[in-house]
Each structure stands twice: as structure tokens, then as C-alpha cells.
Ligand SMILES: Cc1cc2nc3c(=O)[nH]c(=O)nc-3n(C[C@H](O)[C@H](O)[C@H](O)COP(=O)(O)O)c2cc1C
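First, one chain by itself in C-alpha cells, the form predicted alone.
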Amino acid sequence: MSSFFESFGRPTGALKVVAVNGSPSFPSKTNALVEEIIARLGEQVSVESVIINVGDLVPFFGASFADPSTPVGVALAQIAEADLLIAASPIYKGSYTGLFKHVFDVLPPAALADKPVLLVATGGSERHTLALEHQFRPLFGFFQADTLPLAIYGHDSEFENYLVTGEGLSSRIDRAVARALPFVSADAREASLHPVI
């Protein structure tokens, strides 16, 4: 897996996956879930991935977002260049974290147009599942992103020592990955570069 500060410079046939982990802490269940999703994707297609932990960006939020050499600038460029964005956050007070939202607040509005986005959340119980539909999906609708059909929610009882252990969550990951693949296949990526008008 690429380090946070690496960019995608080299052209490959691999699927460029960027995950934004909105958890302010590390390690976290959200990061564990993101890593598991990327691993499952890697079992199906060649993947080149990076996880952006928003907690790492906090010291740099005061810098110019337009400067591509800053950590925030690097993160924004990686998000814009992704073939697939995994947007993941723990649920706080019924929604994604403020740090997660702040990253997307400074992203240019056109950066996610037509980009496949897999919505992911974690929380203390199943009561927060609908936050993915009521909070996450409208946010990425504003960006005109293509949010994928199945989102993934994991609750505390489905993790142990920051590993995915729940069979239900494991099954949901597999279903979401299977449904995502037609949207992120090599043919789909080629078509996005040369749309039929």
C-alpha cells in the first residue's frame, strides 16, 4: 500500500483506489474496515491504493490548499486522480466527522464528477446505518459523483482488535465489492475517458 505522501505518478493498468478515512484516531475500526475492503478488491483486480487519514492532515489545514506540494494539496490531488474513492467515516452525532467534511469542503466542486464512490461508515450500533443514505449520499450527490449502489456499514460488535470479525460485515463487504466491480472495470474507466456524446 502506498504511503500517505506518495502520489500516483506512474501509469499502470491497476485500479487507483483512494480511501479517505475520517476517523480522528489511529488505529480505528474505520481504518480497519477500509483496509479490508481494499484487500477484497485486490483479490478481484490489480489495485494501487492509498489511505488518507484525515487526522494526519490536521496540522496542515492552515496551509494554502492550492499549493500542490503541501500534504493537503497532495491528498486533494490523489482524491481527484482516483479511479475509485472510498469515503469512510465513523458516525458522530448522526453524521460523518467534521474533519472528514473539511477535506471535502476544500475539494474543487468538479473534482468528483462521475467518479465512483463507495460509501463506508462505522458506528457503535446498527441504529446509525441510515446515516450513509441521509448524510453521505447527499454530500457526494452535490459533487455529481457516482455513489455505488451498496454502501458498507460496520458496528462495534463486528470488530475485534481492529480487525473485521463479523460474518455479516464480511458478507456485506463481498457483496459491495462485487456490485462495484462493473463500475470500476478497465472498460468502464476507458469509457469515462472517452464518453460517447
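The numbering used is simple: start at 1 and walk along the sequence shown. Just so we're clear, the structure is a prediction, and the values are computed from it rather than from any experiment.
What comes next is about the form predicted together with the ligand, which is not displayed.
**Q** Let me test this: is every residue among Thr30, Tyr92 and His128 within 4.5 Å of the ligand in the predicted bound form, going by heavy atom positions?
**A** Checking in the predicted bound form: Thr30, Tyr92 and His128 are all within 4.5 Å of the ligand.
**Q** Go through 40-48, 134-142, 149-157, 168-176 and give me the stretch that gets within 4.5 Å of the ligand in the predicted bound form, heavy atoms only.
**A** Result of the contact check: 149-157.
**Q** How about Gly98 - does it come within 4.5 Å of the ligand in the predicted bound form, if we only consider non-hydrogen atoms?
**A** Flag for Gly98 set to no.
**Q** Classify Gly123 as contacting or not contacting the ligand in the predicted bound form by the rule of any non-hydrogen atom within 4.5 angstroms, answering yes or no.
**A** Judged by the heavy-atom cut-off of 4.5 Å, Gly123 is in contact with the ligand in the predicted bound form.
**Q** Please tell me whether any heavy atom belonging to Phe60 falls inside 4.5 Å of a heavy atom of the ligand, as the geometry stands in the predicted bound form.
**A** Looking in the predicted bound form, residue contacts with the ligand do not include Phe60, since no heavy atom lies within 4.5 Å.
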